[in-house]
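Only one chain is included here, represented as structure tokens and corresponding to the form predicted on its own.
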């Protein structure tokens, strides 16, 4: 490169006006091209390219408390519009989706609440969100009964997590539910760390009421060929990661095992890479494992998922319009 090559693309200062749309704001971010604003604009462009590439299978990886914080309807809408082909999530996010499907609620709280008082009043806290204990108890009971029903219809069947999510989604009446939307759209939902969530105790409640030979059996290894096959038969792979952790690793590892590598990647996180943890590790690091292609279209946005992701999705909805279909 010559010196002049470093000075080809000047920063254009943002201009704001009344009644501008979200996508117009994102375009101003793009003109600046700097810091987090530039990365958010790039993320919008990459996600749009994923969606317009009809040969790309798009994985959405969900970690952290993104569903109780307000992203439930956004995720369900993306599934309905086929802007997501596969969901990989923590068990906790599914639990919070089901809590509302069973008429429970999440409430605005405060991060500096008195936790001793919350414990006294049976109010659970997720940073600045409150959840009544009785809503979890109602969910536990209803979901255990649902497991009873599933096993009665499918005696001796061993379930993978995605198969179980489909069975649960089929039985929900809430059209706003992520699992119900996934069932209707035939979008698989993988929960690789399902044991590390309320599901473990719901299964325990279900199994207590039934002889061990007739309780539901879940084999999380069974789903590995399912997700690897999806990656293998796909022409190209896209990945949207909210957070990181097990869901991110599951998507990336599936791409590596399939000998494909990911073509498009958007990571939104606030974690740091220095600890060696996956949630903060760079997308460049994943190249060394064969999880992401060296020339992949990729960006990492450092920011609050609940702020950043709605901006990206709103911009995409505006760009693509209501009539766009994949």
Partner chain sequence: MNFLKKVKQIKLRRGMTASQLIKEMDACGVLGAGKMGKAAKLIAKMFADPDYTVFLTLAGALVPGGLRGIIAELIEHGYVNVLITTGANMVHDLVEALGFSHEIGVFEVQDEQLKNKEIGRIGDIYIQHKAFQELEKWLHHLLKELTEQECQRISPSSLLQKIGTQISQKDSILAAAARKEVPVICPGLPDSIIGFQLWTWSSSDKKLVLDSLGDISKLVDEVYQARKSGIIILGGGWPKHFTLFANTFREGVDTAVQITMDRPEPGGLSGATLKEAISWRKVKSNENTATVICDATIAFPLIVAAVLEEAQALREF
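Keep in mind the model is a prediction, meaning the values are calculated, not measured. Numbering follows the first chain given and starts at 1.
The same protein also exists as the form predicted in complex with its partner chain; that form is not shown, yet it is the one meant from here on.
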> Out of 23 to 31, 273 to 281, 259 to 267, 54 to 62, where are the residues with a heavy atom within 4.5 Å of its partner chain in the predicted bound form?
Replying inline: 23 to 31
> Hey, in the predicted bound form, does residue 74 get a heavy atom within 4.5 angstroms of its partner chain?
Replying inline: yes
> residue 36 near its partner chain in the predicted bound form, any heavy atom under 4.5 Å?
Replying inline: yes
>> With the partner left out here, check for me: in the predicted bound form, does some heavy atom of residue 128 sit within 4.5 Å of its partner chain?
In response: yes
> For residue 209, is any heavy atom within 4.5 Å of its partner chain in the predicted bound form, or not?
Replying inline: no
